[in-house]
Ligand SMILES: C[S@@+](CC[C@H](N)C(=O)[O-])C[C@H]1O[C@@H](n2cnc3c(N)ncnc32)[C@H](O)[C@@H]1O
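Shown next as structure tokens: one chain only, the form predicted on its own.
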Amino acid sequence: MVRHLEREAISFNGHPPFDEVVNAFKDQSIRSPGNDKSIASFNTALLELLGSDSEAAAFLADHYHARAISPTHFVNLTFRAVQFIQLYVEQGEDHLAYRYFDASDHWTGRLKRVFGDHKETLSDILRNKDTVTTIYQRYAGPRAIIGRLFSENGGLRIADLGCGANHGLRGIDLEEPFDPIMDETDSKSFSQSLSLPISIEDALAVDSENFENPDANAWYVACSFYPKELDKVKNVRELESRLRRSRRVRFMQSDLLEAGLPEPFHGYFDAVILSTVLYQHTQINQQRIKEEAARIAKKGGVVVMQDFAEKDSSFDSGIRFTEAWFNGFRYRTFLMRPEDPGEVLEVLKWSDGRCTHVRPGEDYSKVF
């Protein structure tokens, strides 16, 4: 550990020390999200900067300690902040060249500008933003479960809490196809369930931000794509254009941690989806969101939770969240029934958060 960061070797008000952030930067320089070379080289370059620039090191340490955020989440947020600056602030002739960076020295000039010319923007993001990903493919799991359980029911009511850019319910409503999925379930029963019809009567998508707002939309793009995936942004824009035809999905801007949904929605929904929402929150707030989802689900309904987590009955929530985001089938789909919130079923396991390869979870047979 470099000398000027030794003061961070003890926890700060119970917060993991900043040298754990440095270790997370090291880890992602070797095992980068999505095996993206640009992210790996970015983390290597940032480590070099922390070792040579005490002001930059203190800047990141101060911003990390100002928030209740895990080291891995802070590392992810830092890269997303820089990607936002590259995409929407730099706007120079070569502002997209970073997609192809595979060595740390490629990032040197960029990082100097980020911590110099764009320091105010970086500070605002690190203090006030959370990473937000919207990937329609992630709704294949909830869609298959709802199809399996409710395909014979007419007039379904479905809620998506933490909907991001609101791709999920609108895509399901319009029967937007998913990308091909490698299906390792018995007799391809997952794929069969994914094709079962569902009839939506009413759907509610809820998020604390409205991603139709250009600024919020820009942030979600910066968070949702690895650099090597940026060529897909055009396809997502075309998807969003098609999704605007949906008429059965209402959007509500609301912070679930500040106020729950109005009383008329209590016990209203057949299915409530929490897709990649909980993992960034503290355990207390995870439980609050989960309780709100159970509150608005009706008797006989279900809550479908999908996240970077594992089933673990020793936790109050019934699942243990993991920061092994990028491999090892740690992205999983769970099911909870409001009548018995203590029992959480692990239904599906995904190779990663891109949801193109699925295996049966521990409790798959209880649902499928």
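So that there is no doubt, residue numbering starts at 1 and follows the sequence shown. Nothing here was measured: the structure is a model prediction, and the numbers come from that model.
Only in words, not in the display: the form predicted in complex with this ligand, which the text now covers.
With the partner removed from view, the residue among F79, F269, F211, F190 that has a non-hydrogen atom within 4.5 Å of this ligand in the predicted bound form turns out to be F211.
V132 is the sole member of I296, V249, I146, V132 with a non-hydrogen atom within 4.5 Å of this ligand in the predicted bound form.
The closest non-hydrogen atom of K290 lies beyond 4.5 Å of this ligand in the predicted bound form. Although the partner is absent here, H281 is a contact residue: one of its heavy atoms lies within 4.5 angstroms of this ligand in the predicted bound form. Among heavy atoms of T276, some come within 4.5 Å of this ligand in the predicted bound form. The closest heavy atom approach of G171 to this ligand in the predicted bound form falls outside 4.5 Å. Shown alone, this chain has one stretch from 238-246, 192-200, 163-171, 117-125 that lies within 4.5 Å of this ligand in the predicted bound form by heavy atoms: 163-171.
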